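Each of two forms of one protein chain follows alone as structure tokens, named structure 1 and structure 2.
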Structure 1
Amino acid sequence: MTPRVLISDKMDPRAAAIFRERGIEVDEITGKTPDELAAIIGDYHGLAIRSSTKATARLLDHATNLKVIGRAGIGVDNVDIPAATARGIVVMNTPFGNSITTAEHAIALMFALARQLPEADASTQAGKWEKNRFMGVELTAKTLGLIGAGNIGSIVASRALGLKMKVVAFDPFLSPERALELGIEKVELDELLKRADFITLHTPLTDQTRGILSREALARTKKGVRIINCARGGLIDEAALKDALDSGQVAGAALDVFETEPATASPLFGTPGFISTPHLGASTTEAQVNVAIQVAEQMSDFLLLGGVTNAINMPSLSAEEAPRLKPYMALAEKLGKLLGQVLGDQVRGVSIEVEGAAAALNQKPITGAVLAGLMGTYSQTVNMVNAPILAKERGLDVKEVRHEREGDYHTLVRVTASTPTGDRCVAGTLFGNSAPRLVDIFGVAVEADLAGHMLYIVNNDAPGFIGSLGTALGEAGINIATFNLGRRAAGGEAVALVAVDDPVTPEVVARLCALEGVREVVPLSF
């Protein structure tokens, strides 16, 4: 059957041309409402999008034939990845095609802020000739604070260094070697806030980065700082930014992205010193040609040949290995995710051991899946293909060990993370050669299915704890799905892995932390 692709956002015509050349039927239908899209999506095997189309679980419920979603760009926060994965839909992006263009937009906004270009233009064209009103600042010798030094952040850094700025960066995954190579100084966030004359954001929007420039953080900035956001809305508290502009704490702010898009109204609009563009970071001819060609080639390869490139939710695999490796990769990714969520930026290296039946398999995809799970906690563009490269760039020491002998389990994957405070190890097996199960968490035997929303709780083993935990969750309206317990020794440190039906908010986590005997609570999501 001839595959059919729907292009539902405005895309360079080369995308459609490639699909047609490769024998794929393609329709370009943009500007549809979610209901209109839901009514037609069932006819397509591929969906090519930018950021306007929202590939929600509801839309995907109607996508009965969809096999692949291709994002012509970087951010996939408009795609419900778990929902796509659950429906067996591969989600691909083009991680590098628009990076230069977006970095250039950040630099353009930095210049616009420094010289108040939009206001000066409006005033001049209004016939005012206000030469004395627009006193600017030089960029030379100023300090640029980068929050996020990945693909785009590092290009911004190189351009800023060319402008003779000093660049400091906050990025927990920036290795000292990479910082040296980029010619920038790695600092903590507080230090960056204190020192930067300009701050530019280049992180994905994650639970860790949401509101990274909060009211409190803005209050700790150098007075008169200028702020640029070409990454994602939600990284800055927009109400606090408005107040900081009004008070003069922040001298200027340029946003390309907003918490709610399209941003047709905002308290920031009209504020002196505020500049905005309508999510134009990737909007150059060159970038749009790059991402259109890449997405069409990748999607065609997948639909016609089964080749997988730049997939967010699926490893690259040959057709023969795939069926046997698939459950191992699911297990490995869950173990990596577990370590990433519990240990955060403490991980300096990982050792991936396969034991028993697992030792007979190609270990690379298993390692790739561990790294994708681990690094995916911090960056949305990580996948099986780029996770090992990203890990290397960040100086993560990765070891692979193979034990052919069987231990307590017929097959086992063990992942040991090295951290500044010592090694932390998790291990899992496959039940019935297909169902991933955690069997060891940091030296405590716990048998658990890592799925959905969970809580990792460390507490003092004492009578009454489980009751008080259940009550606290019940009072918060959170239903417990499964409860898995383990302990080092009676009366010693105990571990609970609790599966819950809903996400647990930071407020509920704080309430659980306050329960007697609780040492640590980490919300997990798989």
Structure 2
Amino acid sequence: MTPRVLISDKMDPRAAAIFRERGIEVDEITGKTPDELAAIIGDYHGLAIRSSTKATARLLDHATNLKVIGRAGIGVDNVDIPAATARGIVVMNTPFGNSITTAEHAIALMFALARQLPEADASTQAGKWEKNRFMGVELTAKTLGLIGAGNIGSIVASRALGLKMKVVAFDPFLSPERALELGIEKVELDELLKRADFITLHTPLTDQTRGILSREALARTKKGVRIINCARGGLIDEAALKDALDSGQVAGAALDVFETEPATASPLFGTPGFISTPHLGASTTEAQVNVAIQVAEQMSDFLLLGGVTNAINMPSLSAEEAPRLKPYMALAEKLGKLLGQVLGDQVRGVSIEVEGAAAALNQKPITGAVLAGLMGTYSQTVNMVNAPILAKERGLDVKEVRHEREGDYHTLVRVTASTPTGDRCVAGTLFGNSAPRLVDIFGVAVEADLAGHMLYIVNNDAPGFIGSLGTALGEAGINIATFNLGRRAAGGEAVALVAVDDPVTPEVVARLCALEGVREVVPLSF
């Protein structure tokens, strides 16, 4: 089936062109109301947006076929990430397409604040010549405080160092090595507030960063500080900023973003020393083209190849990795399904081990596939996106183990489930590097292809059992496709994995359980 993508916000035409070149059907339908969008979204596998479309939980309730949302830009405030994740929808953004543009806008606003350019322009064009009124400050030798030193923040730091500024940064995720590499000093927030002549924010809006420049924080800043925000509205207490400007604690502030947008009214408007722009951080020709191309390429890779790049709610998987990992993910999902169907609610935790050739691969998608198979026991809509969330909600402890060694098989994936009665382990390999095969089930060596309808049977190893089993299935009108056997020891516990052509009803399961020597019968489906 050919994937279909809806572009619901105005976007550079190269995005649609890329979708079509990759063989994806694309419709460009912009300006729709939420109700109008909800009426058509069910027809699409992908949704490409900018900032106008709001991908709310209500909209996603109608997106029955949606697999991916691509945000052409960085911020995903307009996407309900938990709702998308719960529905198994991948959410991607394009964090690098407009990084330079946003960083340059922050630098431009810093210059504008330092030299009072907007006020000077307005005064001059009003016919005044107030040369002595506009006394600015130099940037050279001043201290710039970065709140957030990620992709955009690091570019701002580079430009500021070129201006001979000293740069200090508050970022919990900034390592000392990275700070040294950037040529900046890592400090705590209070230290930054005390020392910075200019403060610029480059952090996402989260529960931890909301109001990071609160009234209390602004009171701790160096008197006469100038503040720039091209990141997200809500990082600064705007009412407190107004008071700080009026009191002179803050000499100037430039905001490209506001807590409520469009910002058609604000207590800050008209305040001396305040500059505002209408969320122009990403508004350059180059940035618009870059993010459009990037989101189209990322979404195409996902819909056609399974590649995952810049996803907010699942591990990355490059388009180059995806073909190599595809058979491993199929094997991993089958192992997870096997455990889920046999053990049910007994599972308390799961350990995923990779060995041999598998140890050289990206393990996160393998883990996601195991969890998708395992959680499929509890939900019909589970996939690699929402499986980790479901596992967390059920309190499952998930571990990953990597063994560089090569054992009996050149590549192996082993999944161990912890239960109240002990650990239960299954393992599988790839035949010909492509065909998944089960090679161990709960300590019994087998060789089985997990596919279609199957029966997992535990019985006493005794003569005549296979004949009795075949007769019982034959009497029920069920044909055996393949038969795979294993046992712990002669005369001990034996395991049969029987592939059949039709689903096995509870009545047939009960009849099989009544056979002499049978300990357990579980119908399986793959």
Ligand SMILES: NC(=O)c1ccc[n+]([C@@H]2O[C@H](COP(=O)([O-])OP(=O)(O)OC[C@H]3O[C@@H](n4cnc5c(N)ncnc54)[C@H](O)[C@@H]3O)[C@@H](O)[C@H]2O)c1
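All residue numbers here follow the sequence of structure 1, with the first residue given the number 1. The term rigid core refers to the maximal set of C-alpha atoms that superpose within 1.5 Å between the two forms. Source: prediction; values computed, not measured.
Between the two isolated copies of the chain, the form predicted alone corresponds to structure 2. Residue 76 shows a C-alpha shift below 2 Å between the two structures [criterion: core-superposed Cα displacement of 2 Å]. Relative to the superposed core, residue 270 undergoes a C-alpha shift smaller than 2 Å between the two structures. Core-superposed comparison between the two structures: the C-alpha position of residue 352 differs by no less than 2 Å. Taking the core as reference, the C-alpha deviation of residue 35 between the two structures is 3.3 Å. Once the two forms are overlaid on the core, residue 402 shows a Cα shift of 4.4 Å between the two structures.
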